[in-house]
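Below you will find one chain, with nothing else, as structure tokens; this is the form predicted alone, and questions on how it binds or moves follow later.
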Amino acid sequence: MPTSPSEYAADQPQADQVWDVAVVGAGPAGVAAAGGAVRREGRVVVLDAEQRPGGQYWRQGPDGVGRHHHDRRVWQDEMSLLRDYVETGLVDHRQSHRVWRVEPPRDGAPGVVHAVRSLPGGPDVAVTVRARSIVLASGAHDRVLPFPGWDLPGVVTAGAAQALLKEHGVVVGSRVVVSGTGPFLLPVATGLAAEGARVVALCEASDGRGWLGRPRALLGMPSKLLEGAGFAAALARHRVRPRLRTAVVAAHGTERVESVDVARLASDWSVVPGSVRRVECDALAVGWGFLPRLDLAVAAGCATTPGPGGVPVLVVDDTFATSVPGIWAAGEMTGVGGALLAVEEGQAAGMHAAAAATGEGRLVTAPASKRLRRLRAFAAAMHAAHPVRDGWQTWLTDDTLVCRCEEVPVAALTGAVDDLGATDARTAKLLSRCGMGWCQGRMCGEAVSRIVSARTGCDAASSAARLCTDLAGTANRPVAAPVTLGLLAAEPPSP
């Protein structure tokens, strides 16, 4: 059933229309931003690459949100509001629209959102949307670290395993190992086990003691404690026992993954001698957290700052306005913190964006709500409890691929530093081709930066600063999604 009146509209519906607010992304933050804008009497258009709203967190299948989703009540409330807004014409939800560039409002002219519409059975169509305010809510993607064998078929990110399960009811294998760090591993493992997969190992690289230093953050979110207890009970029913300070350090197989090496880790994540053991499996789901998707924002000129773990996040003020006038941001782009935090931020960003667009000016902002403060504190505690330690680099071998797109091994990257004189990630990229493939460094960018920093002798502070700069640079591309030259030529000119 279509959720937007524009689904069957002409190729370039209402090209001369100027909206009050354009929201990019229909995940928790984007849907909430649309609702916040409507509550300030803004006329809103939402553009999203997926066929159904929900984003990565609340990914939907053809039958809607399935049983492997959490915070369902919040999502059902948001979806009900969105459906009402669409049906009454207050929101135009345009699904299957890949946004590839955003131009901010300037000199009294509205901003422009450039997208490609891809509907089943029809040709791709260039679309431009004009709006007085723009809210970016493009979410995050899996954080990836290379290790020997990570390019084998059957090795997937934890996010990919969860997406297959949520959207299609498909498990990645019958004997699955789940490894990495962070709370996200728990719903992945429980979901796979509930669908009949045998989770032969659940490996958490951290030891859990990081949570003990922030008891107020835990006690301030009792719903999260209950959720964690639910996961623990579900895992116990399926006889899955999480192994702390343990990780998969290599995968083996010929046509696909057949086994993995599981090792005990020291505090810096180097392998404890004599602790490696082989575990047979036919699938491996690996998750090291998530990285904000900043390409649209960075290309539009929005400033970034080091966030948790040294990765860049967008600079926003107390209204969630970015450094570029006319652009707001919410959700994982301002720091990965989960769906509930994204909803709170999205509502605020949408309200302020609409107020600016409709002539109300800057709303008087109250201090952050108690709920928002608690959610932020919990997110900070989560990042502190699950850092990525540099010792993962000791797992690598010379022939381990760093960049899968261009098939660049570790030896070629370190050779760019040792033999060719590269002193930074950008130069190493030019000399080794790391990050020049299809994903344009989205997957390998962090690994390249960390390996080059270690190879050039950077201390921890310098390495963290470099990582933020390097990842922001990787995100700075004029085209954020695939678009053909033919569509660019056919696109109406910007006003």
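Keep in mind that what you see is a predicted model, and the values were worked out from it rather than measured. Residue numbers run from 1 along the displayed sequence.
The form predicted together with a small molecule is left out here; the points below concern that form.
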| item | value |
| --- | --- |
| Candidate from 149, 182, 312, 139 lying within 4.5 Å of the small molecule in the model of the complex - any heavy atom | 139 |
| Answer option from 42, 441, 55, 35, heavy atom within 4.5 Å of the small molecule in the model of the complex | 55 |
| The small molecule contact in the model of the complex: residue 326, any heavy atom under 4.5 Å | no |
| In the model of the complex, residue 129 touching the small molecule (heavy atom, 4.5 Å) | no |
| Non-hydrogen atom contact residue 342 with the small molecule in the model of the complex at 4.5 angstroms | yes |
| 4.5 Å heavy atom contact, residue 428 and the small molecule in the model of the complex | no |
| Interface stretch in the model of the complex with the small molecule - options 329-337, 245-253, 388-396, 269-277, non-hydrogen atom within 4.5 Å | 329-337 |
| Candidate spot 24, 99 and 162, all three touching the small molecule in the model of the complex (heavy atom, 4.5 Å) | yes |
